[in-house]
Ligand SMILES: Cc1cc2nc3c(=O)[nH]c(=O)nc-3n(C[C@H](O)[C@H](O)[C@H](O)COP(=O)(O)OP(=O)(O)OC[C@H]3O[C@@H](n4cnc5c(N)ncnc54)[C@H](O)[C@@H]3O)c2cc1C
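Single chain ahead, written as structure tokens, the form predicted on its own.
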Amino acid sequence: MTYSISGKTNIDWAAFEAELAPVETISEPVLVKKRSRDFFWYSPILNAQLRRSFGDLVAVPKSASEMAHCLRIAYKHDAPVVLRGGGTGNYGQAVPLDGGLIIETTSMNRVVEIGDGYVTAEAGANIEEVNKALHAQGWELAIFPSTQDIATIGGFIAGGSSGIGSVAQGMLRDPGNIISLKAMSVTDDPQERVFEGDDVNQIHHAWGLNGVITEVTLRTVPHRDWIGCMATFDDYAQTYAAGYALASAPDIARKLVSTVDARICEYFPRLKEHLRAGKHLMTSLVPAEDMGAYRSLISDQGGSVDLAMSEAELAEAKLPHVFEFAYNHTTLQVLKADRSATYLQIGCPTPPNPRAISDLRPKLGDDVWQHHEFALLDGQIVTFDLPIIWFSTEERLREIEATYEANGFPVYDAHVCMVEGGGLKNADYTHLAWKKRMDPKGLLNSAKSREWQNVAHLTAEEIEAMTPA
């Protein structure tokens, strides 16, 4: 019997690999271990928990039929399965806690169709490449992650919730943003099922627990000449107020509004010659035709427009996209220099209240540096704080979370690898009912659900009945 890299399975992996032919496989232990990781190391807690979790074999299907073949063999041998796209998840979504088969989707990467207001792509399609194909035809994705150069469409839908564009287009789950998707069952005869309209949320944000996403159709919007803007301010509450003013301005379109503490900006060395030193930063994407109104707004809010460049101008200046200084890319910029940093995910009072932000700052301590993202949620402008935390102990981390909570800022745990954590908070019995239908043996990423082991013996209908009224 071939050695189990994970030490958690009792499967003849050489024979298993032979049965997967002609699907491409990777069995070299170093490469399997590399593909067993995602960005969980953003969290020192998850890093300690997950860094020694590995799969046993990687399969790289190139089509839906090859994917079905992989799932059929996994079902036959009761092999745990984890799906992996670009591996940009922060919570260990793609880490195989039970060992087993890792299925890498990046070779299922075709853009299938571009039409009026939509794009259909295979799950492993790279998001940057999808956007390039769309731009050539005058379109762009309504929402995409800051990690678009690595991330895949399927991974974004399985694990994401918002991104660049959410300040105008809302969350991924909002009606029409995900038009449809195909998901495949893990059975002796894997079948693709189409989910459309509101039903896409039966699969979206389930971390690949309840079906294998093979194809996605997403909403697109007309491509615009976006200008990457960076404005600086003397005071953080002033910066936050300017962010709210821009996010809600009726005469300025925007695709991104992000505010960052001045101390974080010290970790943006590529921007050193472009930003006023020691100032707080607001990063935005604004269309060229609205730049006059944008400059007036910044002036009215007491700020300075330090940088305003088109994508071509940024490239010529050898600068990255401005969204690489927003969302969790902000955390990554700091981590590049100092791995003792981490982050939290915090909700904020609605509507955005600069005074509440200002009052909270001295209560948090010097080891918490605020960073807010503006988004549209249920028709209202909201903000999320993704602060840089200088990690010392888990006890101190939980103390910081308690301070946020005590002041009316809900915490979404960024340091848990269970789907019933973070933004989801509680068990989603609708997701778990679909898991029972699509994955009756519970082979798909099941270790990431605390509740699955409690309901696995029930029928799908019995599980769904547990959903609170």
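Every value quoted in this text rests on a predicted model; they were computed, and no experiment measured them. The first residue of the sequence shown is number 1, and the count goes up from there.
The protein also exists as the form predicted in complex with this ligand; that form is not presented, and the subsequent description refers to it.
Residues of just one listed stretch (217-225, 146-154, 186-194, 347-355) have heavy atoms within 4.5 Å of this ligand in the model of the complex: 146-154.
Checking 94, 101, 71, 257 against this ligand in the model of the complex, a heavy atom within 4.5 Å turns up for just one residue: 94.
For the options 80, 387, 303, 86, the residue carrying a heavy atom within 4.5 angstroms of this ligand in the model of the complex is 86. Using a 4.5 angstroms heavy atom cutoff to this ligand in the model of the complex, none of 43, 320 and 370 count as contacting. Within this chain, residue 332 lines the site of this ligand in the model of the complex, having a heavy atom no more than 4.5 Å away.
In the model of the complex, this ligand sits beyond 4.5 Å of every heavy atom of residue 54. In the model of the complex, at least one heavy atom of residue 123 sits within 4.5 Å of a heavy atom of this ligand. In the model of the complex, at least one heavy atom of residue 39 sits within 4.5 Å of a heavy atom of this ligand. In the model of the complex, the residues of 183-222 lying within 4.5 Å of this ligand by at least one heavy atom are, in order, 207, 208, 211, 212, 213.
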